[in-house]
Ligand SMILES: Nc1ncnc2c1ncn2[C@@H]1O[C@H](COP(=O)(O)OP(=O)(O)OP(=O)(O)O)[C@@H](O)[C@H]1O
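Take a look at this one chain, the form predicted alone, written out in structure tokens.
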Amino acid sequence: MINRDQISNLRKLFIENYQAGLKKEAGIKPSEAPEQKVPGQIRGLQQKVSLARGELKAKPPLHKSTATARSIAVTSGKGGAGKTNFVANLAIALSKLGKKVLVLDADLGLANIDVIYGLRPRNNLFHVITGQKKLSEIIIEGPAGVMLAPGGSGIVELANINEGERKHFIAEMSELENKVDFILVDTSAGINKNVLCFLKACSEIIFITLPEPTAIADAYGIIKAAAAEDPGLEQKLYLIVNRVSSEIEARDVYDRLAMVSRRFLNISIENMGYIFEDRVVPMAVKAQSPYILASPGSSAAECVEAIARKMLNIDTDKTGANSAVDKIKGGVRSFFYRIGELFN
């Protein structure tokens, strides 16, 4: 409580400082006026008065960190579309092209990119979420220098993390946002809260599907769910058709999905490419070696490399002007801030 004497002293100091301000406006040098110590309350009030007079410039608001990395979520409407295998090989293709890539195995509960890479991590995201480890302590180096944050296969708690654990997880992840060029997020198949939050947090989304009626219907379902979750949908959307027999088949699937998405959802999807059906893929999975390394000349490997080159070529056009992706990157907040906001 402030007593009457303190109020009187504060009033006196305010009057003296206000008069000192008037003397300053009148041209009296500071040296000619008696020096006066200003308490915190008066100093704050003076700053407000000075700000109103235009003598002080308002401090710019603190902006959240802008991520240099492109954050890309890869998802599918159903399991078995080859989503995880694609992420594992795309990361290597981008790394071979000189990019620093972090793979976040966000298939919480059934993560297995480490299996494809032939790695046996001791720790995973469960240890980060529960506060046992820092994110930097669980990241392991995969093939071609790819960094992997393992998700932890079979750990049920990861698929049902609470709000406090999500916040802790995001705080840990923010340490890496300016250290990589690409963040590839391998989400769970299907539609649930974790999947939709990761899709909304990333600046780009790749939908991967198969040339089968059920897979196409499921892909449309996840696109529709993403649009319903975020009506604005600022993200750049791409489609990749996996295990096709020909380019014509891939184009037909893309045309159908793009048409219904544009007509009924008012959403535009870009054709990012396709991957041929190739017997080397299951062989590589069994050998726990990514096919882009085990069979570099295979048709599947060449398709993934073509997709990686296309992803890099859309950064700038021939004139050097910013592309649509760069405009999206500049117009939205960083992946880590966005996902933290979503889980807040």
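Numbers for residues come from their place in the sequence shown, where the first is 1. Because the structure is a prediction, the values reported are computed rather than measured.
Below, we refer to the form predicted in complex with the named molecule, which is not included among the displayed structures.
Shown alone here, I307 lies farther than 4.5 Å from the named molecule in the predicted bound form, counting heavy atoms only.
Residue contact with the named molecule in the predicted bound form: K236 places no heavy atom within 4.5 Å of it. The closest non-hydrogen atom of A69 lies beyond 4.5 Å of the named molecule in the predicted bound form.
In the predicted bound form, the named molecule sits within 4.5 Å of a heavy atom of E277. Only one of the listed residues (G79, G118, G131, G221) places a non-hydrogen atom within 4.5 angstroms of the named molecule in the predicted bound form, and that residue is G79. Of the candidate stretches 264 to 272, 213 to 221, 143 to 151, 239 to 247, only 239 to 247 has residues whose heavy atoms lie within 4.5 Å of the named molecule in the predicted bound form. Against the named molecule in the predicted bound form, the set A93, S95 and L293 makes no contact: no member has a heavy atom within 4.5 Å.
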